[in-house]
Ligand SMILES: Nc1ncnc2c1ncn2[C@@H]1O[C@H](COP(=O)(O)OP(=O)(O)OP(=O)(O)O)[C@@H](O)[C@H]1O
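Presented as structure tokens, the chain that follows is alone, the form predicted alone.
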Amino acid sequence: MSETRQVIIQATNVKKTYHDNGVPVQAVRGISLTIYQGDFLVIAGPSGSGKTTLLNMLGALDPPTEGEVIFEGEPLYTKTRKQLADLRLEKIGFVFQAYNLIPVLSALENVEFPMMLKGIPEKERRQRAQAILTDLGIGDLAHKRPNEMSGGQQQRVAVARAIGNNPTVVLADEPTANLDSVTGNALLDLMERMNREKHITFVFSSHDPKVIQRARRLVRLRDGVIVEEEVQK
């Protein structure tokens, strides 16, 4: 089945070594992974297994020490920093564990912000941002700032911001980590709906059983290598 779908990201034997007080630490030890259009894929594993490091390499945030990442047929890390920034803006949505909303902006303005950077006219981006917030069930919070919202509401705003520019893929790093189980499940329901109805590709890093059981593709890491890969649904 996968062979007939478009390949978005192809990582080949990627490795990442950090230095901690001069001591090399191998966070990722040689991973090859293909992300296909329409995936709802979870990269699972305990803390320190390399999940976030791998996600950052797939998302043009951090180059591998060795190996190659191909995004839509082009090598990522031969691009300039400006080209990488443009690609992230145009093609990749990020949902971070800590939300990373801009505290002085309203929910609507936070969702609009990447669209503004992309040059989308004010009226269009405002309408689009409001429509996305409404679709995610928080349209009535458009003019509230992050400190006036719950964690679950802030994370929905973060999801709205991630999909505002119609990205090719959304990368979500531990998106339910700070949420209670009811709120986390509601967020996953929304992401599943966007995946099925809008065909947005999602790649998660998580050790949350709630997220793992939703995966249609599951990749398990341990000590920086893939130890298991399966199609669940």
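The numbering used is simple: start at 1 and walk along the sequence shown. Predicted, not measured: the structure shown is a model, and the values here were computed from it.
Unshown form predicted in complex with this ligand; subsequent notes refer to it.
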Check: Is Gly50 one of the residues lying within 4.5 Å of this ligand in the predicted complex, judged by heavy atom distances?
Finding: yes
Item checked: Non-hydrogen atom contact Ala27 with this ligand in the predicted complex at 4.5 angstroms -> yes
Check: Given that the partner is absent here, does Glu174 sit within 4.5 Å of this ligand in the predicted complex, heavy atoms only?
Finding: yes
Check: Heavy atom to heavy atom, is Pro63 within 4.5 Å of this ligand in the predicted complex?
Finding: no
Item checked: Partner-proximal stretch of 164-172, 184-192, 40-48, 63-71 relative to this ligand in the predicted complex, 4.5 angstroms, heavy atom -> 40-48
